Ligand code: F6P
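Shown next as structure tokens: one chain only, the form predicted alone.
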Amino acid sequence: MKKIGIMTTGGDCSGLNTAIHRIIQGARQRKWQVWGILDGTDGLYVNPPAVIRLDDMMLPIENARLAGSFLHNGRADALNFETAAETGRIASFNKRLHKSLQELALDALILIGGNGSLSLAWANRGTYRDVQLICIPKTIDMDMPLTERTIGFDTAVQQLTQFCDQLLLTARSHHRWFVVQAMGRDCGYLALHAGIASGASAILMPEIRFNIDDLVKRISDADTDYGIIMVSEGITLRGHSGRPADMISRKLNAAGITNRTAFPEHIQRAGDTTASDRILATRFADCALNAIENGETYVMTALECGDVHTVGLSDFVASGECISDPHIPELLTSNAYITPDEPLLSVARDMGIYIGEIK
């Protein structure tokens, strides 16, 4: 009988509990034991390791739709890769994680994480040398190479769209514009998708240069006096500082355009998991379990052209745009961004949405 572990790391999102539940289901069909590691690497660092036995009674199906992670994603005050690197304890930190995995005697570990978590796993792959390491990509930012979708993205788009839907009602009542700041870090996919879904008049993304005067003129000349201006949190405006939405709002105010800012913040990470995210989580869970059966390790599940398969973590790191992690400078994280050939850019432009200067 195989003994497998599940660990969720990084930021939370909807779909994590669905993935955990489906792994439990699939493992039961194979008569495998499933153990959940609590609080990500925090649970491996403590002695003894913080784990719980997982079964359908522990995580019933009616709770699998909920956002967040049943296993938790880590504590702010705990030692992790970031704080271990800052304090020169990364070697001893990895040694403790490896020892915990040996004590748990796991045959395989399924790590559900974003690009930072997966990049860390590859950079510190020696820690997982005694188990099969299978990774499942999740993030609301959709900034991961080699997969067309990540768990949590679709639900985040839905949450942000619904937020804008409600704002539009008060915007119309008061003849005002709302500058909505979306999450996404340095990637504009969330802003782009939710902006198109909600009928935004402008969408500003980190990947596309924009002219603030052109934006102001577009809003001034619009046929309506209310609407949504979607701003990704990763944009910058030369000569200005502060939150991106506030910077844009000040420019609109200076031009006499009535507006308010709105920050949906962590509701983008919440909400009942959409059907498409549940299906993706189920497909990724099935792929991960099959990978364990096939003896694979250091791989990630991926969606490509409708097909779900595994790709090597080495390929994942090599395929993205590698940049230094802001908290661990020596760590290179693999990132994906909106490319000029993204079909939705042409759609937005054809719909009259201001998106900046597409080359």
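Residues carry their position along the shown sequence, with the first being 1. What you are looking at is a predicted structure, and each value in this text was computed from that prediction instead of being measured.
Keep in mind the form predicted together with 6-O-phosphono-beta-D-fructofuranose is missing from the figure; the text below concerns it.
- Of the listed positions (Arg185, Arg96, Arg149, His193), a single one reaches within 4.5 angstroms of 6-O-phosphono-beta-D-fructofuranose by any non-hydrogen atom in the model of the complex, namely Arg185.
- For the options Ile140, Met144, Ile203, Ile110, the residue carrying a heavy atom within 4.5 angstroms of 6-O-phosphono-beta-D-fructofuranose in the model of the complex is Ile140.
- Using a 4.5 angstroms limit between non-hydrogen atoms, Glu233 touches 6-O-phosphono-beta-D-fructofuranose in the model of the complex.
- In the model of the complex, 6-O-phosphono-beta-D-fructofuranose lies within 4.5 Å of some heavy atom of His266.
- Here the chain stands by itself, but in the model of the complex one stretch of 123-131, 209-217, 80-88, 176-184, 176-184, has heavy atoms within 4.5 Å of 6-O-phosphono-beta-D-fructofuranose.
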